[in-house]
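The chain that follows stands alone, in the form predicted on its own, written as structure tokens.
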């Protein structure tokens, strides 16, 4: 069969949701195309295994940005999932929706139907929350969300107590009535295994005769009849193929691949496409523009007490952890190392938290390579804290470099390019040092290893940030939603301006990055997009 009602490009956080929901009633023929492989790797499903998939090109696009002036001219490593489940198969599994004001801002920018009250039902629909159903959470949905308090490392309590001593109140639920506060993260983990978008949404739908899933299928362009999307071209096993869409094509490739595919298909800045010899279908200046991300810097500390380093660095410790996991999917291998944190205000007068603080009960000080090795932490007792601004004002861009669909695009993050973002570097550094100086942490802290006690002036703090900060993998906004084709790429129903039968549904449509992690919001977009598609029949 080479004709379907819906073709979904990309089996990531949103794409797997769409495949499930669009095929659920049995009335629509749905094709899901994924450039990467099946999620066979056991390291995808073992929670701490993301320390390995983070650097595995078999399941990871392994992007590198261009030199970033805001980060000292350094290129930075941008992992993105290239596998069923997309980045939800290789992320740190933190379940975080963001602040309700994020979505109210989206609606106020000319996107009706995207306020917090509008999108909350979609968050709830996707969830099977360990806390049960209430005004903010769902139970019985495809995606299990767990509490990890019983397994969190003991020094997480030192962090939380230090926050309290610093005047930072706890919140019972970052995804509930009040995001601001401190606490332990909820995780997309169930019974010691990762819950990805593929395991939650795609696996239950696999047996449906009206759903076809193709892996190793690299889509090279969208096909058009006039300005109507009528199918896609893809390469699989070295063979070029075409498939037709009777109703719609939906791009769910994420913040890098969706704008890349639009540009390859003739939708983008006219001058760029003409220069590369690509016929211009729609002169859409915002495709690839508006890129936002969260950029964080880690503060590393020597500890007076044992941390996860002592369990995961020694060979014997690794063996014990593996046996513990094999016996009951418990222990450090069944957890994310990103266990606790906070959303706080770094100065008076703010309406919302502006700082996202992370606490990890282990440390993995980067050496010559910036790539993390979570399974080989530092040999000494250590832990880390880090921060990023919740709502950066800087925006970057990305663009294809040639008409070759297999060539990576150039990515320009344009990090901390505004005075507001630079000011929050100083405020975030002060916040971490304020927390670490409180008794409950100070009593177990031997020394601040990085940036070090001598880094105190504004110049030194900023230079340290420029030299050590990196992405926390929340790329978004490159096909942003809005009413004006000159300042956005899709409308509030996710339809690509200037076309018919073509939508984008993933984190690229965010008008602005959400205040926290982006996996849960991307899944919400998939949920809402499925309703929009079915409603428009």
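Residue numbers count along the first chain shown, from 1. Just so you know, these numbers come straight off a predicted model, no measurement behind them.
Another form exists, predicted together with a small molecule; not displayed. Remarks below refer to it.
A heavy atom within 4.5 Å of the small molecule in the predicted bound form is found for one listed residue only; from 88, 360, 292, 265, this is 88. Contact here is defined as any heavy atom lying within 4.5 Å of the small molecule in the predicted bound form, and by that definition not a single one of 259, 412 and 478 is a contact residue.
Residue contact with the small molecule in the predicted bound form: residue 92 places a heavy atom within 4.5 Å of it. For the chain shown alone, residue 507 is a contact residue for the small molecule in the predicted bound form, at least one non-hydrogen atom being within 4.5 angstroms. Remark: residue 219 counts among the residues lining the small molecule in the predicted bound form, judged by a heavy atom distance of 4.5 Å or less. The closest heavy atom approach of residue 82 to the small molecule in the predicted bound form falls within 4.5 Å. Heavy atoms within 4.5 Å of the small molecule in the predicted bound form are found in one stretch of 310-318, 248-256, 395-403, 100-108, which is 248-256.
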